[in-house]
Ligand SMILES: NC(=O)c1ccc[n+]([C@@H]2O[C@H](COP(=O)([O-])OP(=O)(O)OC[C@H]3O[C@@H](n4cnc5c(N)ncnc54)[C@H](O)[C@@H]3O)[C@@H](O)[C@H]2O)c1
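Shown below, as structure tokens, is a lone chain in the form predicted alone; questions about how it binds or moves come after it.
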Amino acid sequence: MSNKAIKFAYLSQEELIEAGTFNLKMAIEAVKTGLLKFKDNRILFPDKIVQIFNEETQERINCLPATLLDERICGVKWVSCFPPNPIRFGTQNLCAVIVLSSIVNGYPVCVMDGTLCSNMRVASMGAIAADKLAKKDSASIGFIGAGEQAKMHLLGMKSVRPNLKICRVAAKYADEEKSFIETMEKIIPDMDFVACNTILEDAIRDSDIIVTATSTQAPLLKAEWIKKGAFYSHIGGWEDEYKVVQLADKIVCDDWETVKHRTQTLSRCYKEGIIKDEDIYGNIVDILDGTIPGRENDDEFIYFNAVGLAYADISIAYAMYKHAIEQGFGRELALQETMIFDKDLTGKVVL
């Protein structure tokens, strides 16, 4: 093999799962580490590039880079979000690819599926927040939405609150609830699942943990449904009425400065003057490192909003890559075997 060859590992989603990287505990630890390292200026995190192709449906492709300085790895997530896909094509609405490169020589180290990683990142961030902000004895969880993010979020919540026993789910269509339950009861057999027949209120009332995971841009979640002491993990864009925000005793974000410039409920409230910067209790990393306390009593209603931080994705992806390689997975592919003019180019150059 030429010493000028550039080769990298390729990992499909199936290979990643087979290698044992669908591991919520591993992902949660990777995100925690990433949050703390970023606060300590050990991660580079440039602005993302967004290309929106349809303002109404928010069909888009984003480019999100981050560099893990200690690991000497630069990564990028190339992710599409096409909300009409499930109805239009019967397919998922999100697809991602992650590229990891060395910052020693700049060459690619791995090209891998990023959809699994991206979904695990959302669940991991919610789980980290739940671990600090949900009641310790939380026994029930209610979902508005029954798609991939909802399923993944349930795994994340169960990993930090193993005493969760009841899961209520409400979706736009009853068959989505049925599919959710058929899938998840096989993975979490010790949980009782309740289909709410599209009645959102039934999923939320009496739930200790609340999750909204939809692509709908509408105030689905109502403040009057929320019990005292609940923890709410807000995943999507505009999923709850403004009164939910106003009801919260604490509002925590993954990164408020990022959230405030987006289109979530919190950012809408901020832009309309309903909340101010001082109404935000803090970022989850400030609770992780002990700067501020998390939940302080069982009566607090705590609102958590994660907009998504690419360095968390890259932190998980690097952990997945290392684990998969250690387990003997990863097909080696060549980007080039030699430099361009070391090749026999006779008859192959068009002028």
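What you see is a predicted model, and the numbers here were worked out from it, not measured in a lab. Residue positions are given as counts along the sequence shown, with the first one as 1.
Omitted from view is the form predicted in complex with this ligand, to which the following refers.
- Partner contacts here mean any heavy atom within 4.5 Å of this ligand in the predicted complex, and among 244-252, 154-162, 104-112, 86-94 they occur only in 86-94.
- Relative to this ligand in the predicted complex, residues I144, A171 and G237 are all within 4.5 Å by at least one heavy atom.
- A heavy atom within 4.5 Å of this ligand in the predicted complex is found for one listed residue only; from L116, I128, A230, A213, this is A213.
- Of the residues given (I226, L200, I275, I73), L200 alone sits with a heavy atom within 4.5 Å of this ligand in the predicted complex.
- Taking non-hydrogen atoms only, Q149 approaches this ligand to within 4.5 angstroms in the predicted complex.
- In the predicted complex, this ligand sits beyond 4.5 Å of every heavy atom of L35.
- When this ligand is considered in the predicted complex, E176 lines it closely, a heavy atom lying within 4.5 Å.
- Among residues of the shown chain, A306 is one whose heavy atoms approach this ligand to within 4.5 Å in the predicted complex.
- Taking a 4.5 Å heavy atom cutoff to this ligand in the predicted complex, the contacting residues in 121-138 are R121, V122.
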